[in-house]
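Before any questions on binding or motion, here is one chain by itself as structure tokens, the form predicted alone.
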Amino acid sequence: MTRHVIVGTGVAGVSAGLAIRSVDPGAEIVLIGHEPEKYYSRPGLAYLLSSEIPERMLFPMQARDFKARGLTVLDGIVERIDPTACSLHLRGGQEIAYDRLLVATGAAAVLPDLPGMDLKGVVKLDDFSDARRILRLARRGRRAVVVGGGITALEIVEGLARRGLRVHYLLRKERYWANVLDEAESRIVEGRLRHEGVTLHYHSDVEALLGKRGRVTGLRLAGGEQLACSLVAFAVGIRPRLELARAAGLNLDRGILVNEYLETGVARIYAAGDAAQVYDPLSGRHILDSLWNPAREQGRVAGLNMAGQRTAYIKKAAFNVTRLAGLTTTIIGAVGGGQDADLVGIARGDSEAWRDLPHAIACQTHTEVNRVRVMVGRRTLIGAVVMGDQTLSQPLQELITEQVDISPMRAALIQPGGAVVDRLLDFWSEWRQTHGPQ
């Protein structure tokens, strides 16, 4: 009997276990993790903070579900991988042999090196226990400061604001998420935050955290300004957990370097998820992803390869559905700055008619903000941002992911004042009749 051992009980690890089981009903599959909650929806923590869902809804699988699928889950900390002996050494002295090993250790939130970081009330949103800690502090606090420029920071801001705290949001740059959103999109998000009572501070850097009797009471900004608060949350980035991989001699860059089959180059060892830097045969580069869906797909492909079913991981165009200041937003492909000069960016808003089609997903309608921005290459669509009404979300995802040749409508599409929404929907409908699922 082949023994597959998976280090990590997140989405990559669990997806790998399920994929192995789908191919090999008789294999022994062991997942090792130390987080008490084991497998839960990390994206769902935002909705827990805002009181939109209860804790129980964050668990797609219960203990009985793992047992029913023949997945053994061990609570433990792996201290060392021995590739020569094909074994793991756990804290406490236990040793586990493996035939195939998956390293799916994920990533951890980065915290700045500032005076006062050890004060009670200084938090991050890395896992379930962090979310619970934030909720406990929010019940006792009145004023909070959040530092960070991406999705996680905004999730914390919204959660705290909805719980009645007065929130100060610190941005290092001149606007929100400037490397992904254009200025109009950033200002839409910022305006909605102000409407919720959030105070925004631009070009702000924290110099030190202030405290009394071991608890945070405020912070000092570079320049001398002080803000009083009982809670400070940092969401300034994540870093892959590479300690085990480094000690085991695996090849590293920013993450664990793997080929398109999720192999590390060390016999019988694979890697997937936030810790893996996966080779993309389409671009010829190794790519580090930190989104839920890519981690799940990498885990699935790694599991298939571990079970002997040779399968390449082909990175699809990035696709992320999130919520920005209460506004459903889909981000597809490449939409940020530094684009090729040949790209044309077009944006349209509420002046156009937004309509439903049978195959389109309208997950937010009747909102006061509807906006679409499309990045148009020479022959294909490169990326898109859809805010509010999601009628165009699925059509754009398919056109971008499938690299559909849009040359026949390109000139009309980029024409100033053109009916972008209607043209895209009509083009997609015609394409789907001959290329889409029947």
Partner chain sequence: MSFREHLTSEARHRQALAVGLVVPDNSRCVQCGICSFNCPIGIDVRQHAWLGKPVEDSHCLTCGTCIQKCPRGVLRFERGSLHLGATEVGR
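Everything numeric in this text was worked out from a predicted model, so none of it was measured. Residue numbers count along the first chain shown, from 1.
Another form, the form predicted together with its partner chain, is not on view; read the next lines as being about it.
In the predicted bound form, its partner chain stays beyond 4.5 Å of every heavy atom belonging to residue 24. Its partner chain in the predicted bound form comes within 4.5 Å of a heavy atom belonging to residue 41. A residue is said to contact a partner when one of its heavy atoms sits within 4.5 Å of a partner heavy atom; residue 60 meets this definition for its partner chain in the predicted bound form.
Interface residue remark: residue 18 is counted as part of the site for its partner chain in the predicted bound form, having a heavy atom within 4.5 Å. A single residue from the set 35, 28, 402, 52 has any heavy atom within 4.5 angstroms of its partner chain in the predicted bound form; that residue is 52. The listed set 162, 239, 192, 323 contains one residue whose heavy atoms approach its partner chain in the predicted bound form to within 4.5 Å, identified as 323. Although the partner is absent from the chain shown here, 293, 328 and 425 each have a heavy atom within 4.5 Å of its partner chain in the predicted bound form. Contact with its partner chain, judged by heavy atoms within 4.5 Å in the predicted bound form, is confined among 76-84, 315-323, 89-97, 218-226 to 315-323.
Residues 389, 391, 393, 394, 397 are the ones in 378-397 with at least one heavy atom within 4.5 Å of its partner chain in the predicted bound form, listed in sequence order.
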